[in-house]
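Given as structure tokens, the chain that follows is alone and in the form predicted on its own.
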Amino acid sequence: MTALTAGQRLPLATLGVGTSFTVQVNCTLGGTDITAFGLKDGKLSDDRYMVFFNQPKSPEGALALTAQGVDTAFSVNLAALPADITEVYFTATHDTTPVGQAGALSVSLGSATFDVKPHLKAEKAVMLVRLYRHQGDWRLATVAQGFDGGLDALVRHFGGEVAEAAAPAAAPAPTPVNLKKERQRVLLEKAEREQPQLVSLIKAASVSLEKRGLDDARYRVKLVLDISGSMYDEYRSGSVQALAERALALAARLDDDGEVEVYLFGVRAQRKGAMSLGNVGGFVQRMNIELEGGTHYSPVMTMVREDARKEGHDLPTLVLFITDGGSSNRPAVEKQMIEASSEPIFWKFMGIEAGRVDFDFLEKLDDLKGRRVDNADFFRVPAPIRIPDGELFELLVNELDSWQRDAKQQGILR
């Protein structure tokens, strides 16, 4: 069996399963409820897709509880799930005792096992693993995130309703749960446990977003990194890793998953997978980058746009595009920017100024004519990169609010 770690995201095909398989949860803490939640865009919009001891299968049987006890099992048929069910969470909850007090708590799927117990402290409600659609395929994410409260708290977390016990007429109504703020709180708690150095960055990103009225905004965040040879010093010094961590801090405030899809470009374009709280430490070094002898924006822009279309338009995309020079084949890039101005994507270009650098082309993209809306912003920073975090986040979200307003007026955003 392959041992998984928290924060991993991998295609189900790599685990040796097809569209029908079994998810098994081993938990030795008596009284623990194991539940599967089928969600639409992050919400339990249909409570028939909450599968647990009191409702052992979904309407069409695609999710079914088949065994209970120390070893709880669910049968899963992804092909039978409705198309609007975009993710499935498997969870563990206990009404009185922290789930982490279990002698053992693990999830098995195909050829892999995820030991959840080492990642828990005092949580009574824990999201164990998540299945989700990604570019037309299904993937597994190891989560191990939780918060105080039992099953009721978890249902509210996913946007469902919980019947309240009768209360005296004079009693105040319960405070509605803000699903986005609750998820952000969970992410912040995870950062405090696993990546404490990021907590101050996440808070700084929050301040910049709130200043622009974007405190409730939701975006997918993508990080695009230049790997031309002239970037050597920035990679060697750790500046690119530091920028990646700041991109992740911004994603923790904008994206429910708190992850960043990473792309590289030089002569060609490359996808490098998702960066998350679970793997951010040393992420750039682990990419084993080989620098290239050219700078071509267009191939990676095509790749980002294709991926955004496959992921769907339920969320807009914020692209953090970092480079230290201009692009070859500039007419192709201008054409891309004009076409992309009708898509829910905002491009933030950051130029690293080392020596005699010509950023005239990036400045032209910032003010490019012929676009449906202004879908880009550009700023420059001197090398070595020593800009204060508060100032950097202000620059990273500059014009995002005005683009969001204009894109809604033009019908680009819902």
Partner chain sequence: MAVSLSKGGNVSLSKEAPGLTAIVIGLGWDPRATDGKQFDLDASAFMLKDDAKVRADGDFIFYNNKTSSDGSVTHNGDNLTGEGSGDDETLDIDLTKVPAEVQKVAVCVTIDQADTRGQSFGQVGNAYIRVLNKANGSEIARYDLSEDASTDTAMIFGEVYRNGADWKFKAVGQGYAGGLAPLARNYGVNV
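In this text, rigid core is short for the largest set of C-alphas that superpose within 1.5 Å between two forms. Values in this document were obtained by computation on a predicted structure and should not be read as measured data. Residue numbers count along the first chain shown, from 1.
Separately, the form predicted in complex with its partner chain exists; it is not shown, and the next lines address it.
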So, Glu261, Ser276 and Tyr297: all three within 4.5 Å of its partner chain in the predicted complex by heavy atoms, or not?
no
Classify His157 as contacting or not contacting its partner chain in the predicted complex by the rule of any non-hydrogen atom within 4.5 angstroms, answering yes or no.
yes
Can His134 be called a contact residue for its partner chain in the predicted complex at 4.5 Å between heavy atoms?
yes
Report yes if any heavy atom of Arg139 sits within 4.5 Å of a heavy atom of its partner chain in the predicted complex; otherwise report no.
yes
Evaluate Val143 for contact with its partner chain in the predicted complex, applying a 4.5 angstroms cut-off between non-hydrogen atoms, and reply yes or no.
yes
Tell me, which of Met127, Val280, Met301, Ala205 has a heavy atom within 4.5 angstroms of its partner chain in the predicted complex?
Met127
Out of the stretches listed (96-104, 71-79, 321-329, 119-127), which one is close to its partner chain in the predicted complex, meaning heavy atoms within 4.5 Å?
119-127
Indicate whether Pro11 shows a C-alpha shift of 2 Å or more between this form and the one not shown, with the rigid core used for the fit.
yes
Would the C-alpha of Arg305 be classed as shifted by 2 Å or more between this form and the one not shown after rigid-core alignment?
no
Does Glu334 show a Cα shift reaching 2 Å between this form and the one not shown after rigid-core superposition?
no
